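The chain that follows stands alone, in the form predicted on its own, written as structure tokens.
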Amino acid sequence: MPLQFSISDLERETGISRDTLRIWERRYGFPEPQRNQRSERNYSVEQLERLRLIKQLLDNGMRPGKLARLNLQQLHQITLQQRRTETVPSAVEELLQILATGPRYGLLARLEALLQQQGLRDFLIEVLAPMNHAVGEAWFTGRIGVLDEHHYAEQTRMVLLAALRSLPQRPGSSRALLTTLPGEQHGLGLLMATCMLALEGVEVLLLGVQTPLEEIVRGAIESECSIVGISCSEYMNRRTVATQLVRLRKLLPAEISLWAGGSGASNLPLMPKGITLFSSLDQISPAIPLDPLTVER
């Protein structure tokens, strides 16, 4: 019997909400589920793969009506065409090759070597930022699997934590709380933002992933943070992210800045005043408030 997926599986694996999947089913005739004995929707592996590619192409600006009519081979062709137009840094392609073909122990050593060669700031901006995007692309297209994606995330986490520990301790004029919204399980962007802030002398309270909004507010107030930073991956529903950010802004005191960054924040609708969206890591440093004592000197 072929492997079947529920609509919840599809939502989790593709980042497309079940409401959207039902709308596409009625409007475009795809996805086309089978029904089990309890009349629940079941989907094939082929439909899951098509939806992964569709999600990737949607994020690149294409429309669902056209994509829903294409078969798996046609979707792969469009995806490959888009990838050919992208310039992938040689270091990123090298890391992808190690990740896809091994040996697995070679990934950590290569990441550490690139960090040593480039320094932390350039390593974050020129290697890890494009590598994160490339890993997501490789997963969508089937070049790597979940095991490889998790292996990359954990090896990168080890490298960044070691880099953070090696930074000189400087009393910061600003404090920032970093976390993700409820439902967001990807935390690598948090560590990358933490490193960027630490390079500027900002003291960071790193809470990890999926912190309830009320607890974010409590942590920011109790720790006297001037910034709350939220990392958003592309796997989270954009509407959910926007709704939670607006609610968090209302809960936070006006004097605390609310920042949101990552691939999941890049295509958000216009946010109300008091929410700053970042599309790249190099936008962080100029946005940090100046130390009044430094300005006086």
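Everything numeric here is computed off the predicted structure, so don't read it as measured data. The term rigid core refers to the maximal set of C-alpha atoms that superpose within 1.5 Å between the two forms. Throughout, we count residues from 1 along the sequence that is shown.
There is also a form predicted together with another copy of the chain; it is not shown, and the following applies to it.
- Using a 4.5 Å cutoff between non-hydrogen atoms, Gln117 does not count as a contact of another copy of the chain in the predicted complex.
- Heavy atoms of Leu206 reach within 4.5 Å of another copy of the chain in the predicted complex, making it an interface residue.
- Contact between Gly201 and another copy of the chain in the predicted complex is not found at the 4.5 Å heavy atom cutoff.
- At the 4.5 Å threshold, heavy atoms of Gln210 reach another copy of the chain in the predicted complex.
- Proximity of Tyr105, His151 and Leu161 to another copy of the chain in the predicted complex is complete: all three residues have a non-hydrogen atom within 4.5 angstroms.
- With the partner omitted here, the residue from Ser223, Asn71, Ser90, Gln77 that has a non-hydrogen atom within 4.5 angstroms of another copy of the chain in the predicted complex is Ser223.
- Superposition on the rigid core between the shown form and the other one places the CA atom of Leu21 2 Å or more away from its counterpart.
- Relative to the superposed core, Glu11 undergoes a C-alpha shift of no less than 2 Å between the shown form and the other one.
- A decrease of at least 3 Å in the separation of the C-alpha atoms of Gly15 and Val159 is found in the predicted complex, compared with the displayed form.
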